[in-house]
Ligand SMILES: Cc1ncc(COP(=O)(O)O)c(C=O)c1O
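Below, in structure tokens: the form predicted on its own, a single chain.
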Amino acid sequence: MRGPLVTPFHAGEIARRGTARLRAGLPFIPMHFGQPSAGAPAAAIAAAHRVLDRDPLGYEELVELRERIAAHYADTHGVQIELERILLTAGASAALVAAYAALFRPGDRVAVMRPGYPAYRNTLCAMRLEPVEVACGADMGFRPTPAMIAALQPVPQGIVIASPANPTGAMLDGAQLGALLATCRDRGIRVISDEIYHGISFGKRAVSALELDPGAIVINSYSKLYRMPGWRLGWMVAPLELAEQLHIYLINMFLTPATLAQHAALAAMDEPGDLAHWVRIYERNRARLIEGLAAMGITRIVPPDGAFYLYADVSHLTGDSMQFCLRAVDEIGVGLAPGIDFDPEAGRHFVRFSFAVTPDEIERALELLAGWL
């Protein structure tokens, strides 16, 4: 190995142990990974079957899908996006890698929030960029503020913002996001806005950075709202002057995203009733999980505004979240994500629960956890 050492994604070990349980015929409730347990909308699967029967499925980027994404921004966010600015990607991860590679050079500093999605930090390290962690604790609702960004010295070349955020579900409203983007503009910080949980929010709509700053790079995915994580499809919206070069990076690194997934996604975007049905299930799961955890003494939780996670302080139960999660999967078959994935410093006191499972799985997990604790 001559590349930088990158810390592991610790939830992967929980996944391996959970899979081993299933192979041995033992039960496992998958609340560790950020993926819906329900499959893609039925219309998306039907569209995929139709395409398989008639299409050789070569390298392709569907203009129709880019047109549908543009219509989504017009309808949902009130912004008009030229098709040339919309880039289809092999999941949000490919978009993130291409953006890092195209926008920054080795040694550049990029701000990320802590707690936050570990791949932001780990991918930066792998690409010889320097992550600058901005601590956003529970006392501030896990939300970054303009003052935090204004205080960063030296000024970072970039920043990754996520709203709703992983692992906390914290969301910035229009005023908060606008103030944050204005500070970044004033300081010359390139903004990458990860919006993969848009459409999954409770009580208010998520605001896109494109509504406030057309210069932002926006990343989205079909893995969360559309329940298509294994299809590996996402998109990126970039300013016109950057879009062509970003597309060149994407083609060289990843060719095109899966053609079959593109056809399925086109159908999924036209199923608002199906998508809303599962968001309502997540909302009920959220309320039940908060209630059930409180009954066992886990009360230090900031209720999430969106996404499908609870980030719970379990410091009264453990000082080692990884061991806590290993024991939970091995002893009762409940998969949880250790906080050290999201926060290398304070994460040993936290675990993340995904509630993108069925209501029955929520009930069974609560029953098992209560007895175990």
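Bear in mind the structure is a predicted one, so any value in this text is a computation, not a measurement. For every residue, the number given is its place in the sequence shown, counted from 1.
Although it is not shown, the form predicted together with the ligand is what the next lines describe.
Note that among 215 to 223, 77 to 85, 295 to 303, 254 to 262, the stretch whose heavy atoms approach the ligand to within 4.5 Å in the predicted bound form is 215 to 223. Note on contacts: among Gly91, Pro115, Pro144, Pro156, the single residue with a heavy atom within 4.5 Å of the ligand in the predicted bound form is Gly91. Out of the listed residues Ala98, Ile196, Ile149, Val110, Ile196 is the one that sits within 4.5 Å of the ligand in the predicted bound form by at least one heavy atom.
At a distance of at most 4.5 angstroms from the ligand in the predicted bound form, all three residues Asn166, Arg232 and Tyr309 contribute at least one non-hydrogen atom. Taking the ligand as it sits in the predicted bound form, the stretch 239 to 257 never comes within 4.5 angstroms of it through any non-hydrogen atom.
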